[in-house]
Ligand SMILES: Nc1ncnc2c1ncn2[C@@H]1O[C@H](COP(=O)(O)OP(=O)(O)OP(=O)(O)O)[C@@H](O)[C@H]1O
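Take a look at this single chain, the form predicted on its own, given in structure tokens.
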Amino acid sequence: MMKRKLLVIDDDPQMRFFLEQALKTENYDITLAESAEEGLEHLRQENFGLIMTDVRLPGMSGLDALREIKSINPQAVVIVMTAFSSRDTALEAVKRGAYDFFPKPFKVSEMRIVIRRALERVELTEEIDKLKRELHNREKFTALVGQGEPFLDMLSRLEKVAPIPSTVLIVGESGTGKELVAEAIHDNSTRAGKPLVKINCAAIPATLLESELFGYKKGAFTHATSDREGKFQAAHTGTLVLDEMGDLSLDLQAKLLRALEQQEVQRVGSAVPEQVDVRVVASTNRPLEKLLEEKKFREDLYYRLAVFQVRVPPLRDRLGDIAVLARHFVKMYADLFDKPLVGLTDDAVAVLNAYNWPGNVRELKNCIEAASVMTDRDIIDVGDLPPHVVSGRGSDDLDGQGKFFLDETLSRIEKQMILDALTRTNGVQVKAAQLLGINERSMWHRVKKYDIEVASFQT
């Protein structure tokens, strides 16, 4: 269990020794100070959840120190102690932000109760702050849906990088939502409201991609009947999203590097460079590190693009988000198709959780769209889902001849159900076994069989 850090400020060495000994058995990490000035110095260097201070101290008093403590750490919980108790002193202490007022002498048992309650308040405040931060993140990135740890970790990185002008490289498999992530970065940057221009580098022939990126002059090639600006010029003062960067030719990579480093581009057929002010967000589903080894991608361009890297996790690593995303898509298609859809049955959710989702979020979205069309009721059930999802036949279950591997698929579904049960019961195996309708011994055997780390589910 993590030790809670306590700061005790008291000029009486016997009282400091008494408090240290009395609290030592409570798993507290205690720092002692004999003056307010010394205590404040400790507070500037470390974060203490709880501070206990005497009123009468040499130099600055405990009451005056209260204001300094609150200015350094407004969330600090402070207990004021004094042998010269009075109603006015107690009121003044509370007025200045003290959590409690404790007259000396006191019983150790009473003091421990007060400290435990104070620390419970610290923990509650920290939990509220955490929830506020998560809510703030979600309000800023409303187009991104999820609540699991991998998703929240990604949001945390996006929150840090969005306001700064650095180039960002988004990596992730096809269908994970890299384009939405790029849009979220732009929408939460200082360039929000300015142009957001996207180009898929893999979808344009190599012979045309240069002119698409940098533009061209009239007469530069056949059919160039007038000047045309490229994506860089169109994105001036805004953000340019370069999708599937791994498909660029080495020659074009060199020109792109110059555009990034010098913030200038040169149209095809022109000898005059043009200044641009563009933030670049690149994305790829290809392993650029492997392309570097194969000499198919320039190192200098890679390190210029990957100033800040964001990994979008595949859906199979976001198990807790599958149901959340599915319900989000149900609502979306209910509105789009004007159907009275209210959600999914528990059985349908179980099937979705058991599927491997090789196509990631895009495949899940398409699945819910198809189910929304198929259902004649107000709730999506197993029978409304695509057959390959119900049977669990993802790309991992098929060989080159389209054969379906039953044992492997059943094992994967079984493991997924165990993981879901452990998630819902915070890693308590007895409760998870009851949820699954199996005995505790059978649960233990399956946990061992699939090498599941139960401790990771405990909170």
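Since the structure is predicted, the reported quantities are computational estimates derived from the model, not experimental observations. The first residue of the sequence shown is number 1, and the count goes up from there.
The protein also exists as the form predicted together with the ligand; that form is not presented, and the subsequent description refers to it.
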*Find the only residue in 351, 197, 204, 180 having a heavy atom within 4.5 Å of the ligand in the predicted complex.*
180
*Which of 71, 174, 125, 345 has a heavy atom within 4.5 Å of the ligand in the predicted complex?*
174
_residue 99 within 4.5 Å of the ligand in the predicted complex, heavy atoms_ = no
*asked:* Test of understanding: in the predicted complex, would residue 357 fall inside 4.5 Å of the ligand by heavy atoms?
replied: no
*Are any of the heavy atoms in residue 151 no more than 4.5 Å from a heavy atom of the ligand in the predicted complex?*
yes
*Is residue 318 one of the residues lying within 4.5 Å of the ligand in the predicted complex, judged by heavy atom distances?*
yes
*Among 322-330, 371-379, 157-165, 224-232, which stretch has residues whose heavy atoms lie within 4.5 Å of the ligand in the predicted complex?*
322-330
_Contacts with the ligand in the predicted complex - residues in 238-260 whose heavy atoms fall within 4.5 Å_ = 243, 244
